[in-house]
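Starting off, we have a lone chain in the form predicted alone, written out as structure tokens.
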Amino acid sequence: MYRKSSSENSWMYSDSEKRVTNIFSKYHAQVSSMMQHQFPNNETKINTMLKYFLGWTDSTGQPTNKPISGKALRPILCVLACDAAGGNVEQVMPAAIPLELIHNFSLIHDDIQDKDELRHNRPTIWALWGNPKALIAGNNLRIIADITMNKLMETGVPTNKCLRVNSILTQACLEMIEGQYLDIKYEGETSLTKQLYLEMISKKTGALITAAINIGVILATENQNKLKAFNDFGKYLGAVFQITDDILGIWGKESKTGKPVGADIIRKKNSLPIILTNSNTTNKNQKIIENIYSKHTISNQDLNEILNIMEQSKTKERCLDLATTYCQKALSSIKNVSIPEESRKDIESIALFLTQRQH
């Protein structure tokens, strides 16, 4: 459906990219504004760190008038799912904001675990204030997300539905943390199977994306067919996002990702490209990769050797094919669901964008 020919793919992606740009333009500022409105007013050092991380201030607490750092993908998916299922977009926003807060909580901790000193070309929290303070700041943001979610009841959503949404978010957060643990556990290994990898990313990345879509739909309808279809859609879309992230972690342009080519190899991450390379190359090459990953640090020569093996094994193409497969599965999940035409186009565009994104 998405890779019949390079010319068709180019046209579809171009058309999709325009729609996605419009979607982000429409909702991004609204998400940022509400996040700032819902954020605690008290001027504490922790809040200064968090506002800096979210891009609202510099490290001294002075306003920068910058938008939130990321794309706000998760709250936007929540809003789009609610709209597609026939819900009230304004009513869903208080439930969408905590998704972005929890996502950023995870990024603060990720930066510590990965020892990343820069995010969006600015020093990370731990790089400025140290690991202990960064850990506390991340935990604090997680609690702020809970407090924000509790305000959903003020919009008139029934209590039982608010509790249900809260439960979904808490469970997703737990799964996300479990997935992050597995990701760290698997670093340096070269024998991880594709099945274990897919199980890991379904938690690390997929849980919060699936929760975003489920929350949006639950606040819109009680239709069980829609709930099941969109739940499947979210699971497949989560896989698409992480697979593409793994592609960018090795072949992404530094000007767009902020990371050098081969960054995930340098960190000895057991990402999808390594897994697919090992399962589609010679025993000799498998041994070379294993020996390189067993080293304390990976040199440029080691990096280039693995990149050459990946090129020989057509690893990038295999990763792209898998991302496309999951994109098709995601869209097939909701193919027979009654959705307004414009909403369907929005959702399809987001899915295609995530399959072929460059950053």
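Residue numbers here begin at 1 and follow the sequence given. All values derive from a computational prediction rather than experimental measurement.
Unshown form predicted together with another copy of the chain; subsequent notes refer to it.
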- Name the stretch: of 101-109, 229-237, 244-252, 83-91, exactly one has residues whose heavy atoms fall within 4.5 Å of another copy of the chain in the predicted bound form. 101-109
- Query: Does any heavy atom of T257 come within 4.5 Å of a heavy atom of another copy of the chain in the predicted bound form?
  - Reply: no
- Does any heavy atom of I143 come within 4.5 Å of a heavy atom of another copy of the chain in the predicted bound form? yes
- Message: I'd like to know if M49 sits close to another copy of the chain in the predicted bound form, meaning any non-hydrogen atom pair within 4.5 angstroms.
- Response: yes
- Message: N150 versus another copy of the chain, in the predicted bound form: is there a non-hydrogen atom within 4.5 Å?
- Response: yes
- Residues S338, A351 and F353 all lining another copy of the chain in the predicted bound form, heavy atom within 4.5 Å: no
- Query: Among E199, D116, E178, E189, which has any heavy atom within 4.5 Å of another copy of the chain in the predicted bound form?
  - Reply: E178
- Find the only residue in I265, C173, I275, I76 having a heavy atom within 4.5 Å of another copy of the chain in the predicted bound form. C173
- Within 4.5 Å of another copy of the chain in the predicted bound form: residues from 119-146 (heavy atom criterion): N131, P132, K133, L135, I136, N139, N140, R142, I143, D146
